[in-house]
Each structure stands twice: as structure tokens, then as C-alpha cells.
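Read the single chain below, which is given as C-alpha cells and is the form predicted on its own.
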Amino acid sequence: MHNINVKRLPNLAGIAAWDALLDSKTSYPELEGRQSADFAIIGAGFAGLSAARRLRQLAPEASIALIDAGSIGQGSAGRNSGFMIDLPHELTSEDYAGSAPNADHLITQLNRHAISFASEAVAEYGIPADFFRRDGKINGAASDAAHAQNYNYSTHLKTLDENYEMLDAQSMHDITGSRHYMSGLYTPGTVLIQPAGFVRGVADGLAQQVNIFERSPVTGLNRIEDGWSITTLKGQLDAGKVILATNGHLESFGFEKGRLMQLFLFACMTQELSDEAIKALGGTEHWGVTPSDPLGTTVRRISTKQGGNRLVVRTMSRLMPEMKTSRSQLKRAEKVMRNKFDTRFPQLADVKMQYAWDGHLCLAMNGVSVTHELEAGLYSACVQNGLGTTRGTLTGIAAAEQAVGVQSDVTHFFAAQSRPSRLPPEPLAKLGANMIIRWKEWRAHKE
């Protein structure tokens, strides 16, 4: 494949709330005219930014261009829930545990490498400390079945010699202000980030050494004698080597068609809580609760330094091979999330939701990423399996290292992975997957 016409461009619904909370951002130019670089990276989320930073470390004299279809912080990277998780977090399992202790030891080691890489960027670029908080996270349980899942996961963590704390209903109330949870499993290694603030901060830090272009969707990618030529709506960029950091839109570039699950999740964020609402809520100022069942509801509380005293709710998954949702789907999701919020926080019935949005995830049925050389000089840092913060960081590091010929534990990990499993043909894949998702969501409705 030498001439690639990009079939789809990112299409996300709703306002990217994390970005909307922040002060005005640096605006980078569109790609116009004909330009060149030694390395070009397509996509400025966690993977693309990590690839750019790692390239700067490995090839400081090289010229690097970073191209994003939209505005940095408003894409899927700035729409996630902001959990940078160190422990195994396998979304297709019943309780997040991986397949074997040895594999989970390695995953934990690599995730912590990604967190250290991100932490170094925070220090290097002067990103506010409250955009990168080492608060840990809680797996919340609201049913006996969910409590059993937490217990099973804690047993697994014990075999890994990892720290954790089991929380009872009163402890959960003291932390969250909610009587909904009967127990929780706290693990200390997760970093809670302000996702838009973090990616914007990394981009601003890189901007002194990397040419960044926003609002420049790539429409074509063509092989030329000494590399690749990238075409956008208004310009062209020739590069010796190119890294695709486009997650599920790898398929839009013609790769791994029929092998990637394009998943959309929905989220809401409250208005700024009044003093009366804060008093009625109680609990502590910062926390993050992931559901003990992977298809349950994620909830976060943030404070002024992250964008206001607010609560964030994320739930409801849908497989969308067409890579976009509709306004009516977002409206239905808002109703579901309002119900989840009211169940957890009846004392905040008068608090309105200010923002609602969707975000695009990409999974492989066998849990692998696509991080290797696709063609000569064309590399991939894609398919994060719902773990965009840590896995995206790792795939970006790996792609940069591969592009300059460096070997590491990160590159070895991805090199050992198989190809994504083939999915059933459409429309069976979409219908079957969404039926399974809805059943699992119904089963986990308390979570």
C-alpha cells in the first residue's frame, strides 16, 4: 500500500468539558503550503505527544512535525476520565485481572514506566501539579456480586505483592459522600489527571522544539522516494518517517480493517457546585471511583485547581464501526447518566449537568495494540484498548524508539504481540457486540 486515502475523520459529539474548564489555550497554526520534516506524527493525543517527546530525547537534532485533525485537548485524549492506572486493568475481564501473574507483573512495570515518563514531562514543562495528582483510585462496589469481584481482584493483587486497602460502606461514604457503595478497593498507584490540561501542557512544552499543526485533518498519505508525503486540506508535508498515533482511526488509513472494535463511551460533568451543594455532598475534595465491574459507572470529584468543584460521571458503551454517534444517542446517554448520578447523590438533585460528551476508544478482541512498522518508514502507535493514558503513552514511546532503531523493554513488549483478531462480519459484529454490552450493562446496573 503506497497511496492511502483517509476514509474517515474524527467526529465527536458534545463539548469537551475538561478543555472548556481551562483558560484560553495556545493556538497552533494549520498546516499550509508545502513543508518538510525528518519525522512526522499524525495525532496529538497521549500517543502522539509521547512519541514526539521520546523522539526529542533520542534524536535531538532531528526536525519533528506533529499534526492534529482538531484542537489539542478537544479530541478523545481530552475527553477521557483521566485515570492513569498502574495496575492491570483488562476491560474484557470480569474484575480487571490479567491472564497470569507474570504477564501482570510486566504490565504493571510498563504502566509505571509510562507514569514516570508523564511525571517527568510535568516537571520539565511546568504543568500544574493539580493536573497530575497521585491520589490512587477506588474500585467501588454496590452489590454482593461486585464486592465479590473486588475480593477476587484483591486476592490477585496479593499474589502480585501489590498494596491495596479494602474499604467498608462507611469509609466509602466518608470519601465520596455517597451511601450507594457497600465497599471499595483502594489502590494507591493511579494518577488522576486533568486530561485536557495535561495534553495541552505537554504540547506547549514541546512547541519550542517541535512544529505543531492543529485543525489539519490528514486526507492522504503517499509513498515518495525518500519517505512519505502527508496531504491535509490546506497543505502538504514530506517526512522521512511517519508515526500514525491515531488509535482507532488506524482503520481509516486502511490498516487492520475488520479487526478493530470502535467503542464510544459517554460522560457528563456537573455545573460548579455551590457552597450549599458541597456541604450537602460531604466527602473529600479529590477522588476517583471506577466500577468493580468494567461495564459499570466511573465517577470523579475534582476541585477548583482542576477546573471547579464538580462531579464527573461516565457510563454507557456502544460499538460504532462508523466511528461517530448521533445527537439522539448523546441525549439518551445523558438521561442514563443523570439517573446514575441521582442514585449516588440524591442530596444533589438540584445540581444540573453543564456538559455532556462522547469519546472514542479502540479495542482489539485479543487485547493487543498495533505498534510496529506498517510499511517502510511508516510506524503505528495505535489501539489502546480503552487505556489511552498509560497504553497510549507506551505505544508512543515504542513507535519513536522503533523509528530510530532503539530496543527496550517497551519495544520488546509490543513486538511480541500478535495481530488483532478478526471480527465477525458486519452487521453481525455491531449487533452482537452491542447486545452483549447492553446485557452486561444491565447486569452491572447498580455499579
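Only a predicted model underlies this, so the values are computations on that prediction, with no experimental measurement involved. Position 1 is the first residue in the sequence shown; the rest follow in order.
There is also a form predicted together with a small molecule; it is not shown, and the following applies to it.
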Inset, instruction - Answer yes if any heavy atom of residue 138 is within 4.5 Å of a heavy atom of the small molecule in the model of the complex; otherwise answer no. - result: no
Legend entry - Contact label in the model of the complex: residue 385 to the small molecule, heavy atom within 4.5 Å: yes
Legend entry - Contact of residue 51 with the small molecule in the model of the complex (heavy atom, 4.5 Å): no
Legend entry - Any non-hydrogen atom of residue 9 within 4.5 angstroms of the small molecule in the model of the complex: yes
Inset, instruction - Could you tell me which one of 344, 301, 314, 241 places a heavy atom within 4.5 Å of the small molecule in the model of the complex? - result: 314
Legend entry - Contact assignment for the small molecule in the model of the complex, among 359, 201, 288, 296, heavy atom within 4.5 Å: 359
Inset, instruction - Could you tell me which of 411 to 419, 25 to 33, 51 to 59, 38 to 46 sits within 4.5 Å of the small molecule in the model of the complex, going by non-hydrogen atoms? - result: 38 to 46
